[in-house]
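This document opens with one chain alone, in structure tokens, the form predicted on its own.
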Amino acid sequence: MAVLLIRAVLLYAAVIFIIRLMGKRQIGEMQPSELVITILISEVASLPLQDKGIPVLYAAVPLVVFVSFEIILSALSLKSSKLRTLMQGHEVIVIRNGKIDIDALRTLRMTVDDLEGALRQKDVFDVKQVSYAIFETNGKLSVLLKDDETKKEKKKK
């Protein structure tokens, strides 16, 4: 039992250290490659806890390889826009001048209801108020509202 406790503490410390090396992000802000690495790390770290016959070192080596690979890819994607687009994708404009781009929503596999829900979370209740709405590569919605004068002109009409 003491051996299992020591293994658990060692693996916990190693995983925390490795995740800190990757950078501070919440799950919802992770790029696909970061999410995959995080899942792989949890799987590899759990193996020595499940099977006492697997040395802890056998988990440590793949963990270091995964994190090294992620750090190298991150550094390369900073220098190469093509690699960055390949790894992270690109943003998608879903509203232009108050009009929803249905084709863009299909690309994202989203419904108009999903988009309206995301807009409500941004305190926007009328699509016509939106100049641009863009889904960023991290899955968050950025919204640029039309200026106040445009809103006033529409109210007068």
Partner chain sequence: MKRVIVALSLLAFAVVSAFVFTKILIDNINSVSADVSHLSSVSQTASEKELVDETRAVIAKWNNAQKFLKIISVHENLTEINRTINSLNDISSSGNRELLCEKCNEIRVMLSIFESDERISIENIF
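Positions refer to the first chain, counted from 1. It should be emphasised that the depicted structure is a prediction, and the values quoted were computed from it without experimental measurement. Rigid core here is just the name for the largest C-alpha set that superposes within 1.5 Å across the two forms.
One more form of this protein, predicted in complex with the partner chain, exists but is not displayed; see below.
Could you tell me which of 99-107, 46-54, 112-120, 30-38 sits within 4.5 Å of the partner chain in the model of the complex, going by non-hydrogen atoms? Result of the contact check: 46-54.
With heavy atoms only and a cut-off of 4.5 Å, decide whether Ile93 touches the partner chain in the model of the complex. Answer no; every heavy atom of Ile93 is more than 4.5 Å from the partner chain in the model of the complex.
Hey, in the model of the complex, is Phe69 touching the partner chain, heavy atoms inside 4.5 Å? Yes.
Please determine whether Val64 contacts the partner chain in the model of the complex, using a 4.5 Å cut-off between heavy atoms. Contact check for Val64: yes, within 4.5 Å of the partner chain in the model of the complex.
Please tell me whether any heavy atom belonging to Leu144 falls inside 4.5 Å of a heavy atom of the partner chain, as the geometry stands in the model of the complex. Close contact is absent here: in the model of the complex, Leu144 is far from the partner chain, nothing within 4.5 Å, heavy atoms only.
Does Leu141 show a Cα shift reaching 2 Å between the shown form and the other one after rigid-core superposition? After core superposition, the C-alpha of Leu141 moves less than 2 Å between the shown form and the other one.
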